[in-house]
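This document opens with one chain alone, in structure tokens, the form predicted alone.
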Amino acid sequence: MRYARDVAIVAFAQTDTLRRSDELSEVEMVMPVLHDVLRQTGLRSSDIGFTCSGSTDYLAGRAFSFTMALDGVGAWPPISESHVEMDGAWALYEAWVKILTGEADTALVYAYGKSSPGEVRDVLTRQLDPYYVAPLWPDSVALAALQAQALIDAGGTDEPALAAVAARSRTDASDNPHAQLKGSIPSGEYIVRPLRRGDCPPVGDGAAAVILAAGDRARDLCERPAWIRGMDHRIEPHSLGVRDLTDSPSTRLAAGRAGAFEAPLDTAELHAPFSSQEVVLRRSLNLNDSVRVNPSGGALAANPVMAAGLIRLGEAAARIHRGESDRALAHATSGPCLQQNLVAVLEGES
């Protein structure tokens, strides 16, 4: 599909993901990455046409918590701004649409999450159906374990294969200075069968930011922009009981709408917090061994809630910026068992 304007990711920055960041407020965590992307492009805050952020009050523990970070960004004189109560990948989607409509030529997107102050497994339960499922308090690991067991029962994987996914991810993360878990890490004990500690994402705090720009503006700001050739997001039925947890038709549909199947891919950054979810996504996207999956280590190496999806887009774009990829897929998810899925296709120019 051809869009009215070409839009590219021209800069990306992320913090180190840390198990705890007690000494930092959300504002203090976000500001370095904002300064970094502005430095990379040479833009000033006043040059940005639209600003959009992703975070959640449930992690911050207070209403409208995003306004504190916005104060740090600088909202005076008045700026064009928006916020999504989602992973920052969906904020990037909103900014992309804003630029496509011609209402802005540049956009700043950022996201952050501090999971360390609370029990993120319990906090994420608030995403569930409030009448039939949430009152039972099934936490995010228990639900992922249901999905993993369904996948094993269907013959889609086994425990050694899941351990291999985790080991490969953390080995690849050895070259990622921002990763929280890297190198050889034992599978560990069962958390909820069949998932062991090694199959689960680390709990950590972190932030990320990107800058988008249109057309020749993007070429002025970046030597090799990562052009967004397509992007779409879809959702599975809310009730877990009516879903086939071994498949992700919403990911496949979003990928098709984004043009992922129109030409070969060389890289895929998949937002798969659990090892079994990478298996589901690979099957749904029909990714073969010629595609390098999660060279950054993915969410099994660093999973700052609300920023991990945006980081997948940023990591894919950064590989294009460096000339290490020509056509990459980036995926983000939100909700239990891959409930909502966003897919973007990024390309570099020869």
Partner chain sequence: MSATPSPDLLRAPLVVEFPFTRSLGPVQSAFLTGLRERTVLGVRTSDGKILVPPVEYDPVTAEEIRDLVEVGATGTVTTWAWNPDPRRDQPLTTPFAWVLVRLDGADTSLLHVLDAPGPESVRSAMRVRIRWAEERTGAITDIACFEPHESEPTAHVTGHSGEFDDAVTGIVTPARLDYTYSPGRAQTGFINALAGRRTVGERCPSCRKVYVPPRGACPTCGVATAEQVEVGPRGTVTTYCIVNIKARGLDIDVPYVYAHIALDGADLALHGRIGGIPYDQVRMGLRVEPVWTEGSRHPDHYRPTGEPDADYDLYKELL
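Small disclaimer: the values here were computed from a predicted structure and weren't measured. Numbering follows the first chain given and starts at 1.
Not on display, but discussed next: the form predicted together with the partner chain.
This chain lacks the partner; the member of L245, A91, A268, I211 within 4.5 angstroms of the partner chain in the model of the complex by a non-hydrogen atom is L245.
Interface residue among D220, E119, D158, E103 relative to the partner chain in the model of the complex, by the heavy atom within 4.5 Å criterion: E119. The candidate spot formed by A11, R39 and E278 is out of contact with the partner chain in the model of the complex: none of the three has a heavy atom within 4.5 Å. Proximity of F50 to the partner chain in the model of the complex falls outside the 4.5 Å heavy atom cutoff. Taking the partner from the other structure, the partner chain in the model of the complex has a heavy atom within 4.5 Å of a heavy atom of Q149. The partner chain is not shown here, and in the model of the complex it never comes within 4.5 Å of any heavy atom of F66. Taking the partner from elsewhere, D216 is found to have every heavy atom lying beyond 4.5 Å of the partner chain in the model of the complex. Heavy atoms within 4.5 Å of the partner chain in the model of the complex map, among the stretches 26 to 34, 309 to 317, 283 to 291, 296 to 304, onto 26 to 34 alone. Interface residues of 67 to 95, taken as those with a heavy atom within 4.5 Å of the partner chain in the model of the complex (partner not displayed): M68, D71, G72, V73, G74, A75, W76, in sequence order.
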